[in-house]
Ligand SMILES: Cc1ncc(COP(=O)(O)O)c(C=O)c1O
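Read the single chain below, which is given as structure tokens and is the form predicted alone.
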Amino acid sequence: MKFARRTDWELTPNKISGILEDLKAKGKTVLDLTESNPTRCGLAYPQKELLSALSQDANMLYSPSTKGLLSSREAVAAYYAQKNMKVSSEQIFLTASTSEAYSFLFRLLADPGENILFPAPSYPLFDFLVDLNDLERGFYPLEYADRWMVDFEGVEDNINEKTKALVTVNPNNPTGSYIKKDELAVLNRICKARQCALISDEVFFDYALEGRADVVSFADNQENLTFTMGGLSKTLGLPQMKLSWTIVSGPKDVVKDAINRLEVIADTYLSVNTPVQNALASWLNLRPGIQKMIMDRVRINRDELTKKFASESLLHTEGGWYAIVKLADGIDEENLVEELLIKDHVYVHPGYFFNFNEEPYLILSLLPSPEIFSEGVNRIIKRLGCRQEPSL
């Protein structure tokens, strides 16, 4: 059987994944410092309140709505109103995940062979999404100089006549860097000149490690056609409750046309299940407590890293759930990750997994339990051969 070229991926596990599966098969306990699923990190969710919201009589009625139930979209609009952003329910589309939303937007904006521009470093999921939509991927660099920022020369060098959208992840995964107001202004100028849409993935937006007045959401950007994403996977740490949202903003005429076309796409799939939509308003009321619980965990583990790594080794992070450790020059990051797995039973990501242009880096999730995280970091330091001085 000949399958579609778009699925012609390398399907055999990579070496690191193979080592991990072998260790699990042998019953070895591995300290997983890549775990990004908060439901597997021993966090104390308000289980009774979350589950009771699913027990509603309205769940027995199927009343499909192209954009999603109005009451659910109004709950999303209220969430943004709490953040002092004016978003209308008519601008909002609900999907089962941001991955699905990306596919809807790629279908809306680009024809086969055209390209989407992504930041580098960024999450590797994007590679599969462009392949599945018969598109080409392009990258623009983020550069680091005490903090991460958009390399606008890199944007100009990599955007071209076939670029239909530029994606930002705000804050970025894994760099944790937010887009600033001045950066958005430049992106608007570049994209308007190229008739290129902006897509802002803001699933981690609420998880700021520091307060900055110049951080900006794209949700009310009016200068250019813009699609802003959020969802329960990160906003409430509930990846199993499949619901995300996309906000369409920008100049009125092009927004109207985009919404009309996107409605047809959304109506074709109608993917979000009714119980989750009906529960959304109640769940969003639980947001402050859940987000505090997650941020407390992130800060505890971040503090652990600052005690054990020198400041120049621990790259500055503004938000999100990840940390980046810069290793000494000359270390082969892939060999180190393999060695940590085989000899120390500690699982971390190498930098190349996130499209870092240089090496060596280790990428660690800040979600594991503090006991697991601390022991894993201790083993990493021991494997590196020395304990670096703590930052002051």
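No experiment lies behind these values; they were computed from the predicted model shown. Start at 1 with the first residue shown and count on from there.
Just so you know, the form predicted in complex with the named molecule exists too; it's not on screen, but the next bit is about it.
The stretch among 254-262, 97-105, 136-144, 191-199 whose residues place heavy atoms within 4.5 Å of the named molecule in the predicted bound form is 97-105. Put simply, residue 178 is far from the named molecule in the predicted bound form: not one heavy atom of it is within 4.5 Å.
Contact check for residue 123: a non-hydrogen atom falls within 4.5 Å of the named molecule in the predicted bound form.
When contacts are judged by a 4.5 Å heavy atom cut-off, residue 317 does not count as touching the named molecule in the predicted bound form. Heavy atoms of residue 234 reach within 4.5 Å of the named molecule in the predicted bound form, making it an interface residue. Of the residues given (209, 149, 203, 77), 203 alone sits with a heavy atom within 4.5 Å of the named molecule in the predicted bound form. Proximity to the named molecule in the predicted bound form, taken as a non-hydrogen atom within 4.5 angstroms, holds for one residue of 217, 91, 173, 277, which is 173. Using a 4.5 Å cut-off on any heavy atom, the one residue of 155-171 that reaches the named molecule in the predicted bound form is 169.
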